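Just one chain follows, in the form predicted on its own, and it is written as structure tokens.
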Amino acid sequence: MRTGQLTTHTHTHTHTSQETRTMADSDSEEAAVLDNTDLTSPESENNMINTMVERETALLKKIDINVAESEKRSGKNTVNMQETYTVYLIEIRPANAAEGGLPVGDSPWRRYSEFELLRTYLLITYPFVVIPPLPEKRAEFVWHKLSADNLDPDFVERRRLGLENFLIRVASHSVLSKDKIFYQFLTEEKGWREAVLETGFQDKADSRLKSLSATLRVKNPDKSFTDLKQYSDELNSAISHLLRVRAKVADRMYGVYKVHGNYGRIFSEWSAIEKEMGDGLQSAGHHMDTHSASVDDILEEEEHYADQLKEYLFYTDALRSVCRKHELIQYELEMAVLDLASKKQQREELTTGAVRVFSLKGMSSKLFGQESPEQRESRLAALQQSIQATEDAVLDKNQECREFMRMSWEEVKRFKEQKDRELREALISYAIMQISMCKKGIQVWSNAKECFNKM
């Protein structure tokens, strides 16, 4: 049952893509991410909610992306130990065969670790972007029936959908979708890992110590980023608590439904000793058995909505990553400004001969005599060159900071609009599912009542 539901969910990507592509009016719109896609039919609106992505970018106008299937494999890992792992088949095809489009290349099989490498590359290469998160590597916030094993078939199937959603989110982004390494990830199985490592992206990675130093020592943190970091922490806390409550409710609901199976057993056993009441009791027991068995499908459907919440739980780390990068740029700017002030003070002291603060050079000049005019002029010229270079560095860092703020706030605005829309729809869908479940429970007891009436 779960597989059928997930397959239907996957098919909505193609359906939505075909509808939204008809909305493009000109090539100038191809690079933009459309935040408000107007789909007329309720079915189309439903499909957009389920896929949780917009498909109105240049790349997704040309190709459809699917993580078509998963496969369990065995082999030796980097330390030469036998391991079992899962790989996922990525399939892309021209969105419109009649118009041709991009060459589709291979259909590569990818391990989860390769998806992690791709996302790390995107995080470092595009630090101002709120990079879409990957689905969880191991099951969290689950009710007791579900296995936490990352090779569990139901979990692998949900993760397959999450990986597909990640790829479509990246392909939906006006900047990320144009990245050559990303396109190679979709189309070239061999040589991709070497290609991404050859970019040297790891050399650009900020060390944790450097980032921590920037967080602790930056003197003038930007209030908007401070507020954003606090918001991401609070959002993480709210969604974490919500998921824990959902898991507890699901666990208790599972128990309540399964206990209803006892009604079915007792009514059936009771019917065996009754003549007039036997048929009614037997029928009521059948309704109770059906009600008890239905909880498995209900809670599996619930996991789909939980996955949507988990995605935004993981998105909060992407928000914090943007904040950390801004802190680092701000810290480097402040250090450059301090360095410039120090050098200008040195120039003033060298020009006037007055030492404002204690320095080793000042003490040396008193002990060993003053330097010659030629030496002073030479040192002054070198210092002036250093000051000019530092002033240029301050200007560059200022420009980098302003540009980072501009691009990152565009990203944050886009993210918040997406979050507000998608979480609203996910919560509404979850409420509708709960209402439907309660109505089915009422119907079961109404049917049982009719059985009792006929006794």
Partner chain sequence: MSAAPVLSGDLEEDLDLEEDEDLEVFSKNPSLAVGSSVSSSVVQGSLVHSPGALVRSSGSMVNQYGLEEEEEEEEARGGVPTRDLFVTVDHPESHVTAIETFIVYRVLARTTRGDFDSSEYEVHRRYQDFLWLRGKLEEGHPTLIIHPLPEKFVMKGLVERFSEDFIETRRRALQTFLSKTAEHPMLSRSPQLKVFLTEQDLTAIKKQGPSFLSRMGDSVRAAAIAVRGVRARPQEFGAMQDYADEFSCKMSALDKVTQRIIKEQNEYLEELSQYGPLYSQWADLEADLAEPLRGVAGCLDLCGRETEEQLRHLTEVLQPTLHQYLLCADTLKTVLRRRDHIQAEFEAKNDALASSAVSKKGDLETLKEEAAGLEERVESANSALKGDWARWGDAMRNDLREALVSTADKNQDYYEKCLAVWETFLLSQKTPPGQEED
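Positions refer to the first chain, counted from 1. In this text the structure is predicted, and so the values were computed from the model without any measurement.
Just so it is clear, the following notes concern the form predicted in complex with its partner chain, a form of the same protein that is not shown.
- For the candidate spot formed by T120, L163 and A171, no residue has a non-hydrogen atom within 4.5 angstroms of its partner chain in the predicted bound form.
- Picking from 252-260, 126-134, 324-332, 182-190 the stretch near its partner chain in the predicted bound form, with a 4.5 Å limit on heavy atoms, gives 252-260.
- K248 is the sole member of K248, R73, R93, K223 with a non-hydrogen atom within 4.5 Å of its partner chain in the predicted bound form.
- Only one of F267, F155, Y315, Y88 lies close to its partner chain in the predicted bound form, with a heavy atom inside 4.5 Å, and it is F267.
- Within 4.5 Å of some heavy atom of its partner chain in the predicted bound form lies at least one heavy atom of D420.
- Its partner chain in the predicted bound form is approached by Y305, whose closest heavy atom lies within 4.5 angstroms of it.
- Not displayed here, its partner chain is kept clear of L350 by more than 4.5 Å at the level of heavy atoms in the predicted bound form.
- Within 4.5 Å of some heavy atom of its partner chain in the predicted bound form lies at least one heavy atom of E274.
- Contacts with its partner chain in the predicted bound form, taken as any heavy atom within 4.5 Å, map within 213-235 to Y231, E234, L235.
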